[in-house]
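The chain below stands alone and is given in C-alpha cells; this is the form predicted on its own.
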Amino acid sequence: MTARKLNLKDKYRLLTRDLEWEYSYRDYEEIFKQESFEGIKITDWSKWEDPFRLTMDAYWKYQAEKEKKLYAIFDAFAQNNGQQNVADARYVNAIKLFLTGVSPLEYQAYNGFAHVGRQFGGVGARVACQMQSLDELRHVQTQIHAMSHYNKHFDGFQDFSHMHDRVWYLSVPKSFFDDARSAGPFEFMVAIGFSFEYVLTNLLFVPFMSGAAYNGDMATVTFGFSAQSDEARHMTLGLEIIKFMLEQHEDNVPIVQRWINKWLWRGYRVLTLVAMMMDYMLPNKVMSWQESFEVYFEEAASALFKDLARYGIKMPDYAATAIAEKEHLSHQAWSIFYNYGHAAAFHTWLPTEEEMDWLSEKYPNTFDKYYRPRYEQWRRMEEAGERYYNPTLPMLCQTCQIPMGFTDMDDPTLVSYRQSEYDGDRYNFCSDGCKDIFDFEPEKYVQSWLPVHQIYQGHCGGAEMEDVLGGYYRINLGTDNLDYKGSPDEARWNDWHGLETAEEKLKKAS
C-alpha cells in the first residue's frame, strides 16, 4: 500500500504539535516551573496559532538559500573594495555603533528565546521560540561577517564583544536585554517579542538599512534584506503572544498592560542611539528622526492599539512624552556624545553649515532656538584650538542608564530630573517613565551596574581615565576615539580619494 502524501496542515501538525508527549513521572508544574509565577493564567495551549506554519525541514532549506545569496554579495563587496564607495568615512562610525550596540543584542535574543521556549507548556510556543532563537543567532553571525570587512580598513571594530559588556554608553542597550532576560518568560515575550520586535523594530532596522543604502554600504543593506523575512515572522509571533495571553483569561489584562507600558518606554530609550545616528551620523540623510518616529510609531502604533482596545489594552502611559521628545531627542543625544567623544569608541564631530540648515528645515520649532547656538559656540571654541571635551563623569539614570541630559518638555532649557528613595538611598531618573519602572520593582533596579559608579569605585581598570579607556574598555586612544577631524580614519579616506584635510590645506596656504 502506497503511503498517502501529507498535506501541509498535517505535516505541520506531525512535526510540531505531535512532538509533545504525556508526562508520567514528573508533574506539569515541576516541569514548567516558570509558567505561572508571573500571574499569567493559561487555560488552553492548543489555542496558540502560528500563522506561518513553518516546520524545521522547510526552515533549514529556506535559510540555506538565503545564506548562499548573502555570502556571494559579501564576497563581491570585499573583492571590489566596497569600503571605498561609502559616502565618506564618517558613515563608518554608524556601523561601529551598530556592531557594538545592536549586534550583541541579537545574541542576547538568541539566548533569551532559547531559554523561555523551554518554560512554556505549549508545544506551539516552544517551536516558535526555537525558530526565532535560531534566527537571532543567524542575524548576529551575518552582521559580524558583513562588518568584518571594515575591520581591515578602519579603527574601532576590533573588540566589539568586549566593549559591549563594559563601555559606558553600551550599558544602555545591554541593560535593556539584561532586564528582559532576568524577567519571567511571558514578560520576556512582551519585552522582546512584542514591544521591541513588533512595535519598535521598524524604527531600528529601517533607518539603519536605508541609511546604509543611501551611503553606499551594500553589505549592510544585504544583511538587512536577508533578515527581513525573519523579522516578519518575529513581528507576527510578538502580536500572537499578546493576543494569546489576553484571550486566555481576563486577569491577564492588567499584567500585560503594565508590561507594555514598561517595555515600550525601555525600548524607546534604547532607540536614542538610532535617533542621533539618523540625524547626525549619516553623511547622506534618509529622513529625520522626527519623520521616522511619526511614520513608524505614531501612525503604526496608534493603529495597533486601536486593534488591541477590544481586549482592554490602551496606548502606553508614556507615549505622549515620547511624542513630545521627537523634536529634541537626537540633538540632546548627539550633544552628550560630543561632550564625551574622548570616551567613546567612535568619532564625533560638529554638523556642517549645510547639515545644520537641513536640521533647521526638519526641526523648525526647536533646532534654531535651542541647538544651533550651542553648536556655533562649540565651533568657535574648536576654531580657537579649544575643542570642548567634558572632563567630568555624568549622573546616570538608574533605570535606562543614559546620562541625565534629557530636558523637561514643559521647559526644554531645564534638565528633566526625578528621584526616589528606597531602603535609605536616593536614586535618580531621567523621566517619569524610568522612575515608575523603578518604583514598581526597586529590588531589581537597585542592582543596576552603572558605569560611572563602577569607575568611581575603582572597578574599571584603575584611577586614571587612560586606565579605564585604554585598559578596561580597550579603546585605542587617539585612533578609535576623539574628533573625526584629524583621525586616522579621515586620513585613510582622504588618501584613497586624493583629498586633503583642512589642516593640510592650511599648511599649503601658509
Partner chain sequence: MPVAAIVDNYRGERLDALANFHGNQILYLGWDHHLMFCSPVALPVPPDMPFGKVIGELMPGAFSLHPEFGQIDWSGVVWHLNGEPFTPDMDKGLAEQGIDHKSIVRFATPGLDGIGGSGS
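The structure displayed is predicted, hence computed values, not measured ones. Residue numbers count along the first chain shown, from 1.
There is another form of this protein, the form predicted together with the partner chain, and it is not shown here; the text below is about that form.
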Candidate spot 407, 412 and 457, all three in 4.5 Å heavy atom range of the partner chain in the model of the complex?
yes
Is residue 121 close to the partner chain in the model of the complex, meaning a heavy atom pair under 4.5 Å apart or at it?
no
Does the 4.5 Å heavy atom contact test between residue 336 and the partner chain in the model of the complex come out positive?
yes
Applying a 4.5 Å heavy atom distance criterion, does residue 388 contact the partner chain in the model of the complex?
yes
With the partner left out of view, is residue 422 within 4.5 angstroms of the partner chain in the model of the complex by any non-hydrogen atom?
yes
Select, from the options 463-471, 439-447, 481-489, 41-49, the stretch whose residues sit within 4.5 angstroms of the partner chain in the model of the complex by heavy atom distance.
439-447
Partner-free chain; cross-checking the partner chain in the model of the complex, the single residue of 80, 352, 392, 365 with a heavy atom within 4.5 Å is 392
Please identify the residue among 348, 398, 215, 100 with any heavy atom within 4.5 Å of the partner chain in the model of the complex.
398
Could you list which residues of 372-391 come within 4.5 Å of the partner chain in the model of the complex, counting heavy atoms only?
373, 374, 377, 378, 380, 381, 388, 389, 390, 391
